[in-house]
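Only one chain is included here, represented as structure tokens and corresponding to the form predicted on its own.
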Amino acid sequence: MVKQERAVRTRALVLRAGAEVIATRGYEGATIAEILDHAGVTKGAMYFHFPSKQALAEAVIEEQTNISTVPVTSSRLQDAVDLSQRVARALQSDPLLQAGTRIAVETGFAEEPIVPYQQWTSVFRSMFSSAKESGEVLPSVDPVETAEMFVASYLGVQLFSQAATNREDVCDRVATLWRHLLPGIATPGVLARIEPDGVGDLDDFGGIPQQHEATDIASS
């Protein structure tokens, strides 16, 4: 049991260190040596969990979608808005999501891209499907097409925000995206009730627990 707990902690440690280095250096710029140094573990400890940098990157992508859940409320359409705003806020400071974006963009044109688009599309497709079943979404709306369009638009919005303001205005831009999208998918009675800025605790996204003292990668 002690060994298992140690293994779980080591995996989380390497995963977070990898995310922090990739978020700062980029996927191509991040090296195994720097990740090991930042995590403070041996090469054998890392390779036990992640046999390559690609395997680590794939785990980063998987982890960010595993934690991307919000409580189910009476409005799944509002839940979708809230999730997108939680992710937007987390993108401003969470290395896991920042690394995921850099991995997706940098490997997007590779022969074997490492991208989270299918996972994110599945998450929002499920929300839009539930919203349609409950009458929140217009009968003509296709949840799959809408999810794909939203995820594609969201990626562009957050990349634009990164380039323009280092993501300082990403939440406002996501709200603007919803203001353009909602009139085309929400039923009239529901449209007036949806808050594009999100509701509830939007700072509670999750993430990988920080189990070590982070070093200043940018200045190393």
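These numbers were taken from a predicted model, which means no experiment stands behind them. Don't overthink the numbering: it's just position in the shown sequence, from 1.
In what follows, reference is made to the form predicted in complex with a further copy of the same chain, a form of this protein that is not presented.
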Assert contact_stretch over 155-163, 44-52, 31-39, 57-65 against a further copy of the same chain in the predicted bound form, heavy atom within 4.5 Å, equals 155-163
task: Using the partner position in the predicted bound form, report whether T121 sits within 4.5 Å of a further copy of the same chain, counting heavy atoms only.
output: yes
ask   = Would R193 count as touching a further copy of the same chain in the predicted bound form under a 4.5 Å heavy atom rule?
value = no
Exercise. Would Q78 count as a contact of a further copy of the same chain in the predicted bound form, using a 4.5 angstroms cut-off between non-hydrogen atoms?
Worked result: no
| field | Contact flag, S126 vs a further copy of the same chain in the predicted bound form, heavy atom cut 4.5 Å | value | no
Contact check, 173-192 vs a further copy of the same chain in the predicted bound form, heavy atom within 4.5 Å, ordered by sequence, gives R173, T176, L177, R179, H180, L181, P183, G184, I185
